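Encoded as structure tokens, the following chain is the form predicted on its own, with no partner shown.
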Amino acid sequence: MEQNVILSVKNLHLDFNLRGRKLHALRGVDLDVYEGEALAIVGESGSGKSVFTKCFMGLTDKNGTISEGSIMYNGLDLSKLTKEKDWLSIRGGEIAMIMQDPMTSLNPLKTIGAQIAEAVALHQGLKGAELREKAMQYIRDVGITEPERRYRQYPHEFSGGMRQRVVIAIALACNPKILICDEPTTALDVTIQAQILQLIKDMKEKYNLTTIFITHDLGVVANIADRVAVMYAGDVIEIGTAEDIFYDAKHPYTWALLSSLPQVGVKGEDLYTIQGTAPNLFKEVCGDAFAPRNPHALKIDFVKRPPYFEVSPTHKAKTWLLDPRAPKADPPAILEKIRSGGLVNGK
């Protein structure tokens, strides 16, 4: 069954000007987001995950410039929008975002009810009793008990997990088509994390949302994602279904990420760590950005950037190891543990 592309990114380049120096944060990213899917974007800190999705809402810092490429949404190229008033019809009403820390998203001087009602009024045009009832409905939807009492309370009277539920309610109140979740469980403990992830899954189904999760936690990804895009040094270097990535990964960086999972560790042995550091994006990156850290690197990896090689209709990766002329490189043996463990959605 063919899926509709709701958002299409082609050859996106983003530069930041920092004290006269140029940092090339995104280096020609290509990505299609399908309507109704749960897409996860994963990678180490600094790989470009958050800044990439902020481009969809015009939230990059003022010193950031899209120098090349396009972000097509509903026939509109979002990369060409420059004025705040142009973004008002996109932010919230079309694409909404849940941030990492709910305390930075909530106004400490306004009640929870007022903040949810403000989003409903702005994006759904309701007033009076109808507005209040709709805001109460979102409070109930996100699993907050005693909505009448909670409606009148302030953010400081809520726990971290409850505040994140409020932030989700505000995002839903905007009535968006796409919901971006930027590491929404980072500041929460493990049991609350699971509740919030399940809530987002439930709300996705109820409100027919397309969700984009940004995370570095592959354990989270296995439970929520239909597809996974792996980012490294400002580019998507592998993309496929969750099963493709967890059970048949092809890029050595993806192998390294999977090998670092605590779930595949052996008691009494050190967890696998990726040696070296990510490249300096102030400098031009030659060849494959991961080459200096890649034990399977070929000579060409240091010279020429690899294109996408198609593994299957749903799976492609940017690595010269997939070139028919390349020597065979077997994935780490530890990955067999993931295949046999049924990590992805219990499969």
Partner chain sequence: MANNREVLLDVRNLEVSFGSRSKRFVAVKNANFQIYKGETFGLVGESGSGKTTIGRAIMRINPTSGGDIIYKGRKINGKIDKELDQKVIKEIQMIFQDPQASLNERAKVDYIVSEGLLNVNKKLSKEEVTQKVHQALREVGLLPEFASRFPHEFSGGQKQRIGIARALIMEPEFIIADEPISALDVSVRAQVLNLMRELQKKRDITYLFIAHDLSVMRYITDRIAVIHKGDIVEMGNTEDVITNPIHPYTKALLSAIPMPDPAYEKKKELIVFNPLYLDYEKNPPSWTEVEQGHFILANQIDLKEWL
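Only a predicted model underlies this, so the values are computations on that prediction, with no experimental measurement involved. Positions refer to the first chain, counted from 1.
One more form of this protein should be noted, the form predicted in complex with the partner chain, which is absent from this view; the next part is about it.
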Exercise for review: Tell me whether 44, 243 and 257, taken together, all sit within 4.5 Å of the partner chain in the predicted bound form, counting heavy atoms only.
Suggested key: yes
Check your understanding: Which single stretch, out of 166-174, 112-120, 257-265, 137-145, brings residue heavy atoms within 4.5 Å of the partner chain in the predicted bound form?
Key -> 257-265
Check your understanding: Within 4.5 Å of the partner chain in the predicted bound form, heavy atoms considered, which of 218, 180, 249, 239?
Key -> 218
Revision key, fill the gap. As a check of understanding, the residue in 106, 203, 131, 274 with any heavy atom within 4.5 Å of the partner chain in the predicted bound form should be identified as 274
Review point. Might residue 84 be said to contact the partner chain in the predicted bound form, defining contact as any heavy atom within 4.5 Å?
Key: no
Review point. Does at least one non-hydrogen atom of residue 76 fall within 4.5 angstroms of the partner chain in the predicted bound form?
Key: no
Practice item. Indicate whether residue 195 is a 4.5 Å heavy atom neighbour of the partner chain in the predicted bound form. Key: yes
**Study point:** Exercise: residue 97 in contact with the partner chain in the predicted bound form, heavy atom 4.5 Å
**Key:** no
Review point. Along 175-193, which positions have a non-hydrogen atom within 4.5 Å of the partner chain in the predicted bound form?
Key: 188, 189, 190, 191, 192, 193
